[in-house]
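The chain that follows stands alone, in the form predicted alone, written as structure tokens.
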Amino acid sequence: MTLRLGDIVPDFEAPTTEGPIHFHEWAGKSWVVLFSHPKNYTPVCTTELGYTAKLKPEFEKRNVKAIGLSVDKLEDHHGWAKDIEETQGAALNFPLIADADKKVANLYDMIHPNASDTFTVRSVFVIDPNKKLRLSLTYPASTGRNFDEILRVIDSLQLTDGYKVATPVNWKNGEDVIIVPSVKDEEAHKLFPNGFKTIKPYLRTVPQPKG
């Protein structure tokens, strides 16, 4: 199944390190970062899971739940969790799905046969509270993901959902944003009474609105 931006993501039931879940029910009204791992006891995945555990306060500030997936058995996950805490200085504090039958991996197209017909690629899915896919990223097995970038994208998505703005290249939370072209100047003056900067008629910047 190919998931596209704006699609409602598939629901599923699966065992995890925090007990069985019904995915849509577990997600509730939160944003979700679902990310897959090629295999347990692999070095890159170990660093990723440890770093994600450290980011829990940042996720909570943004109403985000993290959940990982590996195509290994649940009993293997528990042993790996001990290694993650020992080597990364952070205990696993979010569920890790045991997808030994590859049901979820196939639902979300996480197995790319030309890379490996056995293990998942490093997929990332950002899902909003309406269960819609808002971002998908695919990394090769050899490259660890940039979770600071994932947080940055979530900041952008949450901001632009609330205001008629877009975020420019390399934008970080707190920096100026762009007024979307569909907003005419007359409306822009009402939306942003403190003013905005017109660089080109189609390129207008404004300080980031405060939520």
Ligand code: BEZ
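The first residue of the sequence shown is number 1, and the count goes up from there. Keep in mind that this is a model prediction, so the values were computed, not measured.
Keep in mind that the form predicted together with this ligand is missing from the display, and what follows is about it.
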Item checked: Triplet T42, C45 and A141 all within 4.5 Å of this ligand in the model of the complex via a heavy atom -> yes
Notebook entry, point to check: Wondering, does P38 line up within 4.5 Å of this ligand in the model of the complex on heavy atoms?
Noted result: yes
Note to self: Is H77 near this ligand? Define near as a heavy atom within 4.5 Å, in the model of the complex.
What the structure shows: no
Check: Could you tell me if R122 has a non-hydrogen atom within 4.5 Å of this ligand in the model of the complex?
Finding: yes
